[in-house]
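Take a look at this single chain, the form predicted alone, given in structure tokens.
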Amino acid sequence: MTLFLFDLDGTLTPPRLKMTKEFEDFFVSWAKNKKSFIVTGSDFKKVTEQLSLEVMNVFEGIYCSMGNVLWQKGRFVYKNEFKADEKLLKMLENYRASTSYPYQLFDNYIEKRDGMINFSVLGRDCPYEERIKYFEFDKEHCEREKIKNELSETFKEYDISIGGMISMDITPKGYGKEQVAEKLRAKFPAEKIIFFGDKTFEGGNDYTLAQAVLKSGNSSVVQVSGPDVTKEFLLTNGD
């Protein structure tokens, strides 16, 4: 049996938006009699905002907050605790205060989740059109990449990766998405694992998991650019 492991934003849904009805109908039908899992940087509340109960129930497990929380069929299973270094929090505040981004900033820019921090200079409480505006700014100015590199140099004990359109994920080393590969391989030592993500490249927040999946053996990684690409692969290779 094959295990199908999916990132959420940019893989099964547009970033921070609901799964489309068309994709939902396809996916629920496709997922019957398959073992599928989600791994996402989002917390469980955000997952419920993007996926219907019917979709969530097709998954054997939903790993939230970079794998630091597990839910199964609506049942909470576990979470990892994390208390961030005060120096780290101060640096994040400074990045927010000194950004060269010329447009409006929004609240919820340091989001403390179980086992991790999600940081966004823009602020997560922004409208979707503001996400696009910041994403275009960041592509030109590489603000997130610069912040990531500086933080990685200062805090060797953390893994820092760029995620989505506006943010970055910060976890203690070993407590990023890659931990899910170890957990799945421990439970399913022989099954093939296929991981789908939109940021499996180096520096992206799917990269460490992609590498861990490949190292676990009998596995493959599918780099996608959105739900349509995921669907196309599942239609042709997802038996």
Ligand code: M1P
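In this text, residue numbers run from 1 along the sequence as written. The structure displayed is predicted, hence computed values, not measured ones.
A second form of this protein, the form predicted in complex with 1-O-phosphono-alpha-D-mannopyranose, is not displayed here; the remarks below concern that form.
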Looking at heavy atoms inside 4.5 Å, which stretch does 1-O-phosphono-alpha-D-mannopyranose contact in the predicted complex, given the options 93 to 101, 147 to 155, 111 to 119, 80 to 88? 111 to 119
Within 4.5 Å of 1-O-phosphono-alpha-D-mannopyranose in the predicted complex - does that hold for a heavy atom of every one of Ser42, Gly164 and Asp169? yes
Taking 1-O-phosphono-alpha-D-mannopyranose as it sits in the predicted complex, is Lys34 in contact with it (heavy atom to heavy atom, 4.5 Å or less)? no
So, Lys46 and 1-O-phosphono-alpha-D-mannopyranose: in the predicted complex, are they within 4.5 Å at any heavy atom pair? yes
Does any part of Lys133 reach within 4.5 Å of 1-O-phosphono-alpha-D-mannopyranose in the predicted complex? Heavy atoms only, please. no
Sequence-ordered list of residues in 197 to 222 near 1-O-phosphono-alpha-D-mannopyranose in the predicted complex, where near means a heavy atom within 4.5 Å: Asn205
